[in-house]
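One chain comes next, on its own, written as structure tokens: the form predicted on its own.
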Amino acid sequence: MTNRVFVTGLGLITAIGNSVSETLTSLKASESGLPNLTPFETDIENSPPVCRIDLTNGELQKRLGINPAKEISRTALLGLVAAKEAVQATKLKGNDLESCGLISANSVGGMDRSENFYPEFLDNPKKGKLRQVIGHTCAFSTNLIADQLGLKSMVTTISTACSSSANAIMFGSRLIRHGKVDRVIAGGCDALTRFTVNGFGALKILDNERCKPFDEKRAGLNLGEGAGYLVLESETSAMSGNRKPICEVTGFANTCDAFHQTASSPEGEGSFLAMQQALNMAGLTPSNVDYINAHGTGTRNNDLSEGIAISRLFAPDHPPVSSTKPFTGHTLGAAGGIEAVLSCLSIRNNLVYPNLCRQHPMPELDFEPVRTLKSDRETHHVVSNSFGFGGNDSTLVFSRY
């Protein structure tokens, strides 16, 4: 017998809001809630627009009560903001907090600080502040969050590109299901860096306008930054602490189609299997699903691959489908965590978010993404997709408690 896994706390910081409530307000406002796309200094001619959070590192440190003079990566700061909000929502403290595990994910680590270090160091090896590169590893942000929150149980880091934080939530759920821990903070964080933007520019998959997921004229993605964390608890833990669950993690799956270093298979085999296996674990059929929060990056490959998989599994009666990346940008290692939080909010508030900017149907697909905010039906089961480089495909299923 396995334990049930409940979501009892949510934390979020995105380009459209510095908290869960602010982000939800922007989502409800649809177009008026869109982030300002701003250029990002890179080596690319005509620097592409990105979805930035409107707080400097110094402002983030002040908000967190951390000395602004300390050299801390932006990824770690964003992660701490969201993880702290998730914990505060549960009112966990004392031994219950100390025994809480942390499964955190990211893809760029402290690259932003390393980028500040190397120009001066390469010019003169006797220069450069070594403390700027101490936080380079992906694990640095995880350790900072654990230290700041006083977590003393299992602490680990996952990095599987854009499926990273979905896999963190999956791993945390597995630990609880099998009785290894009672409660876990799981999710991920990532900050914008020149390295990231240059890399995606080299792949020629950045849109110089707002991204258009599932649009025939889609031209690529907009990169973003942010963090999203969930507090996961066993039923015994949640009930003993009188914490009312927001929803339940009922299913999850990870597959790897290994088709290409950066692209998913054209047939969407990995995406299809991830969704199918996650629904099987949840004991659901495709007809039970009320909303699919798609990975939906806006690239030619992803939207075709994911769209074909959705058509194959859910036809002929598709549930509402949308991508929220025109709001937040593609936040890479944080995407699965952010979109998991949005999926939980979808259930709690009976919302289906709009797939903004989509105008031209993709002829290969037999479904139409939702284009306006929907709040006219109960949302019981939500599928959240997060697909990473190498065909690392992850699906989470959240259900009403």
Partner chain sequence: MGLYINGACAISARETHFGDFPGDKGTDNGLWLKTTTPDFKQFIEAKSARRLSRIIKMGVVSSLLAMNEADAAMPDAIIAGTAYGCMSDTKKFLKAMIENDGKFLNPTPFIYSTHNTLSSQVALQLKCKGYNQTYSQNSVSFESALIDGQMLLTEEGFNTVLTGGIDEMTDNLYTITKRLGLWRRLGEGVQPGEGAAFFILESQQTPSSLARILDVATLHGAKTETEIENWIREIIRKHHLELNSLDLCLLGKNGDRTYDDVYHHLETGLLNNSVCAAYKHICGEYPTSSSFACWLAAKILKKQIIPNGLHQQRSASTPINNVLIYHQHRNREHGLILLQSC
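Numbering follows the first chain given and starts at 1. Here the structure is a predicted model, which means the values were calculated and not measured.
Below, we turn to the form predicted in complex with its partner chain, even though it does not appear here.
Every residue in the set P125, I158 and G390 has a non-hydrogen atom no more than 4.5 Å from its partner chain in the predicted complex.
Considering its partner chain in the predicted complex, the lone stretch of 84-92, 226-234, 173-181, 68-76 in range is 173-181 [heavy atom distance within 4.5 Å]. Residue contact with its partner chain in the predicted complex: G199 places a heavy atom within 4.5 Å of it. In the predicted complex, P316 stays away from its partner chain, with no heavy atom inside 4.5 Å.
For N143, a non-hydrogen atom is located within 4.5 Å of its partner chain in the predicted complex, even though that partner is not displayed. Using a 4.5 angstroms limit between non-hydrogen atoms, D215 is distant from its partner chain in the predicted complex. Residues of 76-112 placing a heavy atom within 4.5 Å of its partner chain in the predicted complex, in sequence order: S107, M111.
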